[in-house]
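Okay, so here's just one chain, in structure tokens, the form predicted on its own.
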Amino acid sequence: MGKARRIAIVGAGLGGLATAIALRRQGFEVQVYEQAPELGEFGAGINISPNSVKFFDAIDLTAKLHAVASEPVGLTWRDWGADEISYSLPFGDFEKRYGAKYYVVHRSDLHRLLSEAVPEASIQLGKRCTRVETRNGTAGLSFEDGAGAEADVVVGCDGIRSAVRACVFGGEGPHYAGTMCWRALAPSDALPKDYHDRYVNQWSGDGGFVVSYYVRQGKFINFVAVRQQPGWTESSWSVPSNVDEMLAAFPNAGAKLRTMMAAATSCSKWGQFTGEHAPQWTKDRVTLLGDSAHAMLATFGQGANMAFEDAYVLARWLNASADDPDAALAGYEAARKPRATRVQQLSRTEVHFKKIHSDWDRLRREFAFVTRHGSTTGGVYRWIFGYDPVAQWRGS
């Protein structure tokens, strides 16, 4: 059995680029195939928690992450009709407790940081994958433009509507989760100084919840505003919207929150989709990573973090068992699937408990997490943030 040195990655999003970097650091030949005609990332803010900051440490990009990110001082839960903190999780001791800081960053800044670490020649654009198959100990790809490619291993990093997953495993694909969201950015200088504090704030009340925090070194406030909606018919994950529409969807939000949201200069909306965890991630020389394997709701802010963990662990397994890629892919799946599946399940429970205004709210939440997942919510956060893919890549 020959060594696996040529790796094809389908998808140049955050997970695909992270995988390319991790594999190249282990000496692999990597080609990334992206369906879009241009390399870029849309959206707004994203959380980078200590578990995946360790990935950036391992690939020597933490300093660049620090340069473009903001450092919140904690996470809060607030009634959106008042300015008082109902409950908080301070981040001040995270570096000592978990070995890394907690960052929030604009998604496009993070995507650019990762893309700059991958040689331009290693990324091919305009390559929509239409077929994946294993043949004679290698993996083959076919594209919509009639071209093809061959590699020792193919990694599907092409998101929740993964063509790789559909080709290899079939299935129904993602389904609408019943909630829709607005994403918006407001320039900080459009508001009085320190109008927003340095927390990641979760504001909730009758009709939904809003998460807000600084990005781009405090120059902008990022908002994610979520409410239930019976149906979502748009095929795109991001649809242009406007501030008036967003504000009209949250008429009960308090004056301070509405003032901050009204300062937004850009706004889009999308429906939240989720999928069942893949029964398998791997078949022959093809494997899945990130949302293509375990798409999850954003309630714990762990979608991208799980992809970064996946990327490091996959690269280590392929390097450790380069002479036996089948064993390497099996080891990767065995190491990652239990954790990613649990976080996926936790995110579904968490969406019902964004409202924490009273001791009774917290008691209900604790009861739900202990009975469903065998841990308090504090224990869940410690388990998520305390994971170290560099030390635990073989599994835990």
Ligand SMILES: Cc1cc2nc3c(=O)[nH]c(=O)nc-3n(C[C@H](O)[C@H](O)[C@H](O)COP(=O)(O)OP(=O)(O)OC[C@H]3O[C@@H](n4cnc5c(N)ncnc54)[C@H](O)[C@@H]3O)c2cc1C
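As the structure is a prediction and not an experimental result, all values here were calculated from the model. Sequential numbering from 1, following the sequence displayed.
The same protein also exists as the form predicted together with the ligand; that form is not shown, yet it is the one meant from here on.
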Item checked: Sole residue of A149, A298, V215, M246 within 4.5 Å of the ligand in the predicted bound form, by heavy atom -> A298
Note to self: Which residue, Q31, T62, Q26, N47, is the contact with the ligand in the predicted bound form, using a 4.5 Å heavy atom cutoff?
What the structure shows: N47
Margin query: Only one of 122 to 130, 190 to 198, 252 to 260, 71 to 79 has heavy atoms within 4.5 Å of the ligand in the predicted bound form; I'd like to know which.
Written below: 122 to 130
Notebook entry, point to check: Can any non-hydrogen atom of A100 be found within 4.5 angstroms of the ligand in the predicted bound form?
Noted result: no
Checklist line | Contact test in the predicted bound form: A315 vs the ligand, heavy atoms, 4.5 Å | finding: no
Next item on the list: Classify V154 as contacting or not contacting the ligand in the predicted bound form by the rule of any non-hydrogen atom within 4.5 angstroms, answering yes or no.
Entry: no
Check: Any chance L289 has a heavy atom within 4.5 Å of the ligand in the predicted bound form?
Finding: yes
Checklist line | in the predicted bound form, residues of 11 to 40 near the ligand [heavy atom within 4.5 Å] | finding: G11, A12, G13, L14, G15, G16, Y33, E34, Q35
